[in-house]
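Encoded as structure tokens, the following chain is the form predicted on its own, with no partner shown.
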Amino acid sequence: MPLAYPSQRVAYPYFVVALLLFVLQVIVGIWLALSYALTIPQWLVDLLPFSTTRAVHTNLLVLWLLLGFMGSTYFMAPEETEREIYSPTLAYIQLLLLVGTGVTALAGFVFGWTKGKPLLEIPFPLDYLVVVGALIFLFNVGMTILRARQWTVIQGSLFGGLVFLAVMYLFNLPFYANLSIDWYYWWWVIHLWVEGAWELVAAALTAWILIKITNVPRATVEKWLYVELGLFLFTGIAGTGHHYYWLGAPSYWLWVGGIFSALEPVPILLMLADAWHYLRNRRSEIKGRLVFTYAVGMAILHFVGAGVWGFAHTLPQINYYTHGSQITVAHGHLAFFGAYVLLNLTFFYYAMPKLKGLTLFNERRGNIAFWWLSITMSVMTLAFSVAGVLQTHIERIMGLGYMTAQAQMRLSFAILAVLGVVFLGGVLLTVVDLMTLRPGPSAKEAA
């Protein structure tokens, strides 16, 4: 089945590169778990310090998720605007620029070329190349929307999220001599990316997918985008406050941030629930059960990881002890996986068959991969949480030393290393399945 708009094909290399970086990110993550679980020889520690491999792991996460979002946007934009992408050539140039910058940055980390800020370690000269890539992307998508001369809430939410994402990154460019001010703006970039801009992008992509696979009326899902926009303005921004207390800001920020930041995933969950209610009442057929499975899984694990796990340890009385512990890592892993990893995979499973000319495809391997990844990540979150509780009690309640806590967490991280290998198997299955999709007689039979 030919694509409705040939320019949608620019999304394919974005998806492929994102999937390969996903595999590499998980491999590095396994190494990090082993660094906690085992005594690594000193010569190997000198060659690959923990700070370096952690930077590689987290920056690979950011890079592949962003490339996935960009590819998804390039696939969605022509159908949503009913126009070809303004310039496919610019889209390819943007991909080469961002991938080249990312590879250079990752190689630089190994040789100690880093800014030093967690998640924003990319050195200053490369920061400006990232800005250029983002501006190319915004120009290309913006011109596609403007030339269409029709405006939808989905377009507004998507483009608003992308613009906000780019604007927030600008606060990372200056050097602030005052450390408190420097970390203050660091949280603007990190928090308002993942709990602000990315939430808007996720809501827009989820709404569009639901319309495509369920035939739910546009008005049904778009009303939740208005709610998402409202929560972004009133809770996403205020939610940043649960980090301010640690920068010397007044203590009331811990209350404001802890309460409001837990509400951000709610609209996407309600969007899915509303769509499911519509399907049951109208007895409509789902066109792509695997895609719907990923979308539902994304909404649920997004809510559990970002909402429940986040709220549980950002309450002021708890966060005073747990801030920066492995409990934070548990929240981060499940929140990122539920909110953004599954969102990307949802879109990949919707778009890749169409890019390969498949009307229907065999969904069996994709279903296995979904449950494989979701169950493994849930168990990993529990293992991180156990390690975090131990760490918090030993270091911050009993007042014992760092190495005492590390010794007690070794078993948890040995389990995490094994789970990481299991998770890698699920990732490889997903990548192989997406790259070698097989035709299926029907989605029902394939499942």
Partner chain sequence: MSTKTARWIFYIGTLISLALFLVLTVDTHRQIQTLTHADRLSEQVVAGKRVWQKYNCNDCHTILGFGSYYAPDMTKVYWRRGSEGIKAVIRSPETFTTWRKMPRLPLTDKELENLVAFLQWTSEIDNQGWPPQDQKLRAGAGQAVALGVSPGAALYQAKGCFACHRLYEAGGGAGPDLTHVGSRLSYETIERILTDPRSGNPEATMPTPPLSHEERYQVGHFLAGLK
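Remember, predicted model here, so these are calculated numbers, not experimental data. Residue numbers count along the first chain shown, from 1.
There is another form of this protein, the form predicted in complex with the partner chain, and it is not shown here; the text below is about that form.
This chain is displayed without the partner chain, yet in the model of the complex the stretch 219 to 227 from 83 to 91, 203 to 211, 219 to 227, 69 to 77 comes within 4.5 Å of it by heavy atoms.
The contact with the partner chain in the model of the complex, taken as any heavy atom within 4.5 Å, belongs to 181 out of 375, 146, 173, 181.
Interface residue among 247, 296, 304, 163, judged by heavy atoms within 4.5 Å of the partner chain in the model of the complex: 247. Not one of 276, 350 and 438 places a heavy atom within 4.5 Å of the partner chain in the model of the complex.
The partner chain is not drawn, but in the model of the complex it has a heavy atom within 4.5 Å of residue 328.
Among residues of the shown chain, residue 361 is not one whose heavy atoms approach the partner chain to within 4.5 Å in the model of the complex.
Mapping the unseen interface onto this chain, residue 240 counts among the residues with a heavy atom inside 4.5 Å of the partner chain in the model of the complex.
Although the partner is absent here, residue 104 is not a contact residue: none of its heavy atoms lies within 4.5 angstroms of the partner chain in the model of the complex. Scanning 382 to 411 for heavy atoms within 4.5 Å of the partner chain in the model of the complex gives 395, 396, 397, 398, 399, 400, 401, 402, 403, 404, 406, 407, 410 in sequence order.
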